[in-house]
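Below you'll find only one chain, the form predicted alone, shown as C-alpha cells.
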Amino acid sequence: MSTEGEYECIVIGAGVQGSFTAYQLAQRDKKTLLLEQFVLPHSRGSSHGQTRIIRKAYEQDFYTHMMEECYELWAQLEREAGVKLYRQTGLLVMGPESSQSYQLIKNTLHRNKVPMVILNQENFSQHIPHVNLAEGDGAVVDISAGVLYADRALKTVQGQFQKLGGVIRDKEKVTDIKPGSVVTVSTSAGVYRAKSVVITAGPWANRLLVHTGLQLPLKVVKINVCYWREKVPGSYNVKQRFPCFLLTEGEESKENIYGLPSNEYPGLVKICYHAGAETDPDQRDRQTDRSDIDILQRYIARCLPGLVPEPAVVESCLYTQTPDHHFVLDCHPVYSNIVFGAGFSGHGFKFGPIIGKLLCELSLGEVPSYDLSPFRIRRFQTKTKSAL
C-alpha cells in the first residue's frame, strides 16, 4: 500500500473513542487515517463539553477492573503531552440503602478494594455541606474519582496521534463502505482503502453499519446538559472540595441524576438527568422535551438548597444507548476486518483510553486485553437485524 489514499487502518469518527483508537494504532506504527464528518472541534455528538466524571464506582466488576488501567492510561497521556486532564474530587454516591443499585455499587467498591468513605445520616452534613441526604438514603465516596477535562482531553489525544504521523481529515462525511480483504471507504472528498476499518461514529453508527449489512439495537437520545447557579458563590466549588455526585434513584425518578462541582462556568454547577428523549442526530435541535429539566428542578429544590432551582445554562449532548446500557465492542460477524465501538450510553468517555486499546487490538486481529463477552453483539442475537 503506497498511494496516499491507502492506509493500514481507517478509523471513522473522531470522538473520544475513535481518537484514542487511532492514537493506539499510531503508537503501533500503523499508518492510520482518522475521518470526521464535521469540522473539528464540534459539539454535534457525544464527546464535546468541558468536563466528564471519572470513577470506579460501578454496579459491575468488569467496569471497575477496566478503570484500573484506564486511570494509568489517562496519567500516561498527561505525562506525554504535559497537559493536566484530570482533577481528583471524589464521587459521592447516594441512594436508598434498600435499593439494589446503591448496594451493588457499594459492594463493588468494597470487593475491589477501591479507596472509599462510608457516610451516614449523622456525619453526612459535616462532610458534605449544602446537600440534603434523603431519609433512608446511604452515601459512599469513591475517593479517587474526579473530573476529566473533556475538550482538552480530546484535543490532546488528537494532537498526540498527529505527532505520531497519524492523519486527520475532518469535514469528510463517509458515503459508502465496501467490505473486502481491503475495505474501501468513500467520503464526500475522496476514496480511501485500508486493511481494516474501525467505526466509532456515535449516534451515526447504524447509518454507517448499514453499508455492511448490519444494524444494531441503538437508540439516540438528546440530553439537556444543565448548569445551576449558586445562591452563595463558591458553595459548591471544586476549590471548596465539593465532590462530583451520583444519585442512583430518588423521590423524583428511578434514573440516575449526576453532578459536577462549579468549575468550568464560575458559580454554576453542572447537574444532569441520565436519560433523555429519542431524537434524530441530524435534527437534535428540533427535540425540545424538557421533562428531564422538570425532574432536576424538583430534585434541586429538595436536596440542593444552595442552588437556584432554575437552569442558568442548558446545552445539548447525545447518548447512543444499547438496551442493557453496556457498550458494543466487536468485529463484524462476516467481515472480521471491520470493527466497531458503539452504544456508549452516556458513560463511555472515561473509558476512552482502554476502549481505544481494545478496538486497536480487535482491528489487528489480536486477543483483547479484557473479556469482551459483556460487549459482544451476540447478546442482541434476537434483536440484531442483518441483511447478510
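Remember, predicted model here, so these are calculated numbers, not experimental data. Don't overthink the numbering: it's just position in the shown sequence, from 1.
Note that the form predicted in complex with a small molecule isn't included here; everything after this is about it.
The stretch among 115-123, 295-303, 223-231, 134-142 whose residues place heavy atoms within 4.5 Å of the small molecule in the predicted bound form is 223-231. This chain is displayed alone, yet in the predicted bound form one of Lys155, Arg87, Lys173, Lys195 has a heavy atom within 4.5 Å of the small molecule; that residue is Lys173.
Between the options Leu208, Met94, Leu307, Val183, the residue in contact with the small molecule in the predicted bound form by a heavy atom within 4.5 angstroms is Leu208. Remark: Trp204 counts among the residues lining the small molecule in the predicted bound form, judged by a heavy atom distance of 4.5 Å or less. In the predicted bound form, no heavy atom of Pro333 sits within 4.5 Å of the small molecule. Using a 4.5 angstroms threshold between heavy atoms, Met66 stays clear of the small molecule in the predicted bound form. For Leu318, a non-hydrogen atom is located within 4.5 Å of the small molecule in the predicted bound form, even though that partner is not displayed.
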